[in-house]
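Coming up is one lone chain in structure tokens, specifically the form predicted on its own.
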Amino acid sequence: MSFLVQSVRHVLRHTTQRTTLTGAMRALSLSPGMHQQNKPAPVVDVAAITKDQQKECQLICDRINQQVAKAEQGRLFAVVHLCGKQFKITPGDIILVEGYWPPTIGDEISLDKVLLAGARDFTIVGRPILEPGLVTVKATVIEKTLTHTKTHFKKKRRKQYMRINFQRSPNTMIRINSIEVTQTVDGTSKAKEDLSRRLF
């Protein structure tokens, strides 16, 4: 008799735990519950959503184009990809490019890999870079120098081995002359590229 009572208690204990756990899992799961699966999916008019989004995008593009046409955008900034690194720049900034780089002092260059550009009220983001000719970034190489001397010292104890090496790496300093939005934001016309001065 006591065996039957223990088995009944054991069964009752496990069934109550299972019901609480299944209820908890159902509340925590991301899949819809059993009562929600029989409902039909709501019908969404995709064309109306895209038309609304297109209207909103067009309004934003018109505002940006008006600001650029009237020169009310303020100080522009851009993020450019240069020699394997990304730099956030504004007109008048001086950036330092580490390592060997071919342009010489006085060269005027155009930085074409613009990842994003923006001003006080807007930001134009590329995927991954902006289309060529939309934003032009002009820069001038102002100095080519070497870094400070780095000392590499090696020694092995009790082996009469000691080496001292010195290293200086080349650096290039660039001044950003101008950042301009040359096309309308949603326009398809291509700006004329000056290939004689385009280096990078």
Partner chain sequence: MSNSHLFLKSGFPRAPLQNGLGRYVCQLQRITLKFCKNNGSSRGMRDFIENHLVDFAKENPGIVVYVKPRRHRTPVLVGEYLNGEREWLNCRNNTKDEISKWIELLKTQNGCSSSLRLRKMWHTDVPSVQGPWTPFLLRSPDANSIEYPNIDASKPLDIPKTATDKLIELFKKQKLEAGDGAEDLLKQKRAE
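Residue numbers count along the first chain shown, from 1. Predicted, not measured: the structure shown is a model, and the values here were computed from it.
Just so you know, the form predicted in complex with its partner chain exists too; it's not on screen, but the next bit is about it.
**Message:** How about V141 - does it come within 4.5 Å of its partner chain in the predicted bound form, if we only consider non-hydrogen atoms?
**Reply:** Taking the distances in the predicted bound form, the answer for V141 is yes, it comes within 4.5 Å of its partner chain.
**Prompt:** Looking at the partner-bound form in the predicted bound form, is K51 within 4.5 Å of its partner chain by any heavy atom?
**Reply:** Output for K51 is no: heavy atoms all beyond 4.5 Å of its partner chain.
**Request:** Tell me, yes or no, whether T151 is in contact with its partner chain in the predicted bound form, where a contact means a heavy atom of each within 4.5 Å.
**Result:** It does: once its partner chain is placed as it appears in the predicted bound form, T151 has a heavy atom within 4.5 Å of it.
**Prompt:** Contact between S110 and its partner chain in the predicted bound form at 4.5 Å, heavy atoms?
**Reply:** The answer is no: S110 has no heavy atom within 4.5 Å of its partner chain.
**Request:** Pull the contact list for 123-138: residues with a heavy atom within 4.5 Å of its partner chain in the predicted bound form, in sequence order.
**Result:** Stretch hits: a single one, T123.
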